[in-house]
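Laid out below as structure tokens are two forms of one and the same protein chain, each shown alone and named structure 1 and structure 2.
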Structure 1
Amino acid sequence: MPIYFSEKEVVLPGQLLSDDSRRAGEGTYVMDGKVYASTVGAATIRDGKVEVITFKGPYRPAAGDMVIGVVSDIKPIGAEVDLGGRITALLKIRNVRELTSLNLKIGDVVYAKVASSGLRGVFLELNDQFKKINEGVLLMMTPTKVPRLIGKRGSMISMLKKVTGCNIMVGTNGLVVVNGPSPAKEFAAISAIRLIEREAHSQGLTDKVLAHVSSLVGGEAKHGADGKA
């Protein structure tokens, strides 16, 4: 079935995107078997689905999301975690001993999986993916721009890690932790993230980001992208 947009084209609500209703993804709706944009944003195809990446919008928690948050309170039943955007989640524990073993304190930054989200609230899962993040710089980006930071099959975030040498953890809720070998490398990664956030809808963004990082860290960025020492 034909697609009625070019990659990362800015589309408007009600704009026809596809004749195949099976390809409807986030930011779209189906009417009479056709897919239309439900919001203003950049149209793209991800995993065979037509999606519209909105330029602004709050984070909406969903089961399975990996998020970064800040512990805001410790209770007998678990830890409350601030996910940003006035969203607080509860990391439930089985007993006090389990909470003690985590050694969580107010202000600690954690990486966790959303177990459920609904009228009862947002609950985080304590599993092998849970981490307490002890080092790095914490920043917030627009949650709707997170898919652009990650890139198709993780291409953008992988490139950014490689050329800056930084470990970058990204939460679906828009919180990001950058931990690098030097303040200069961390600054380069953070500056690139801000560039991605500003120009998420633009063409040739990967090349722009690489050039930007290269200007900040010099030839190391190009060598890293080429896989050379």
Structure 2
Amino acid sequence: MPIYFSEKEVVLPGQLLSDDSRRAGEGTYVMDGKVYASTVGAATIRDGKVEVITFKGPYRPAAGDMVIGVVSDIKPIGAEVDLGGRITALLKIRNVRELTSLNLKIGDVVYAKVASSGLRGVFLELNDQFKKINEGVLLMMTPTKVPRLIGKRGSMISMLKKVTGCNIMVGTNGLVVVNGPSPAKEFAAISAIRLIEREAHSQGLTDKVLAHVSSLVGGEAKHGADGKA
């Protein structure tokens, strides 16, 4: 089964990738039994599927995603949550009492699971994973680069948490909340996230980020010592 690209090659919409329609993955489409790229991105093979990893693009909600959003409206049927300015989702409730017990206000930041996404809109689930986020710095990154921030089995994010001492919550939709013990440590974490976003396609990114964060956190320690003296 022939493949018409080299690994991590930049492909363009409409570029022929494979003759085997069963291998069509993310960022591709099938026409006349052939697989073509549907977005600009780096072509790769993952689990036998031909995929195009996009450089930038909109967030497409899928059931099971954990997202961060800002409450934009309170309605009798639930709370409307803005998932990054492009999509609003509805946090469904069973009865009004449930909503009042949550004590949600417009502008509150919440962490929730996407229950369903389809023709009727996007719905969030009110389960035990649901969380109201009360403190931290809210920032937005390109949604397509979120997997890189998390890393293989969460390697990148756990490293960041450990080195900076910050609690970092990542929404699949590209919103991130950083909550740390000091502004300097929060700054180090944010700066690392921006670095990941900028250099998402490079090799050995974890080491680079580690070095970057260590220098920042180390600098902060020295700065703190100076402050005391």
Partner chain sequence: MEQTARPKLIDENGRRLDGRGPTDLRPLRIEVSVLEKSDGSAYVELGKTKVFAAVYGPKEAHPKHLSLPDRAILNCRYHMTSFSTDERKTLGMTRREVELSKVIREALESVVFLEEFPRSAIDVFIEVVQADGGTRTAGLTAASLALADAGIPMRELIAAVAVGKVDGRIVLDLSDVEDKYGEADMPVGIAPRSNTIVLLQLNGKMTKDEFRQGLMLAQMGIQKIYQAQCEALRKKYESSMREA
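On a predicted model such as this, the values are computed, not experimentally measured, just so you know. Take the two forms, superpose them, and find the largest set of C-alpha atoms that agree within 1.5 Å; that set is the rigid core. Just so we're on the same page, residue numbers count up from 1 along structure 1's sequence.
- By the stated condition, namely the form predicted on its own, the first structure is the one that fits.
- Hinge residue for the rigid-body motion between the two structures, chosen from F55, I93, V170, R194: F55.
- Rigid-body analysis on C-alpha atoms gives a rotation of 26° for the smaller part relative to the larger between the two structures.
- The shift recorded for the CA atom of L16 between the two structures is 8.4 Å, with superposition on the rigid core.
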